[in-house]
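The chain below stands alone and is given as structure tokens, in the form predicted on its own.
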Amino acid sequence: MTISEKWNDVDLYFNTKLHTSDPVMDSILKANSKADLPAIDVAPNQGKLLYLLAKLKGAKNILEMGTLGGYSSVWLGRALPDDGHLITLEFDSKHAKVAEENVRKAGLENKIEVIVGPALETLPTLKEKGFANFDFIFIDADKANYPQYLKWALELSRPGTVIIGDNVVRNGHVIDSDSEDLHVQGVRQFIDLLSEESRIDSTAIQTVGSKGYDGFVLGIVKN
């Protein structure tokens, strides 16, 4: 058994033991695959972690950057109270269409709104649309623009807002300062900004599992 196979089997073990059968989430992954969306959704245990973190926060207003087929959107949407709302930003109109159908099948169409377009163009419009002071923000879009996404996350947050940035380890390549990979360099600049930013306390966690070797940043906006 290879190390990656063991990581996958351990994820399967925990998911089998700690997750109940979930036909809705399974159907979302099937729909995404059928629509030929890239298989880069968060893993089921990572999706449930997002759900639990949003629950712990008591989040009522969530912002997600990077929708894909809405798998993580639905996990987060499930954590919302009856009067909660989630805005998710998606560049690709095809992805957004799939996500909207998945959200509808999950019964969350009244809580989750997909906004289509480049995030750096739609983010500046959120305040005028009445969306601001988010209390939970999940960044999971193109890594090259993570530094800009962080700046907008802070602009749209308030004291106590939880900010999570996904896929920051890049299979360990995040430590390669000479990398020509724009995703790696975007994450490194993101980390540099966090290290210099006085408005947020943050840390990073490395992860292994069915999605390989990666990790995420977790931060809380200061009072």
Ligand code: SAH
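Start at 1 and count along the sequence shown; that's the residue number. Because the structure is predicted, anything quoted here is derived from the model rather than measured.
The same protein also exists as the form predicted together with this ligand; that form is not shown, yet it is the one meant from here on.
- Residues placing heavy atoms within 4.5 Å of this ligand in the predicted bound form fall in a single listed stretch, namely 111-119, out of 129-137, 79-87, 111-119, 97-105.
- Shown without its partner, this chain lists A31, I40, L193, L49 as candidates; in the predicted bound form, only I40 has a non-hydrogen atom within 4.5 angstroms of this ligand.
- Remark: L68 counts among the residues lining this ligand in the predicted bound form, judged by a heavy atom distance of 4.5 Å or less.
- Residue contact with this ligand in the predicted bound form: L150 places no heavy atom within 4.5 Å of it.
- Remark: none of the three candidate residues (T161, E197 and L218) comes within 4.5 Å of this ligand in the predicted bound form, counting heavy atoms only.
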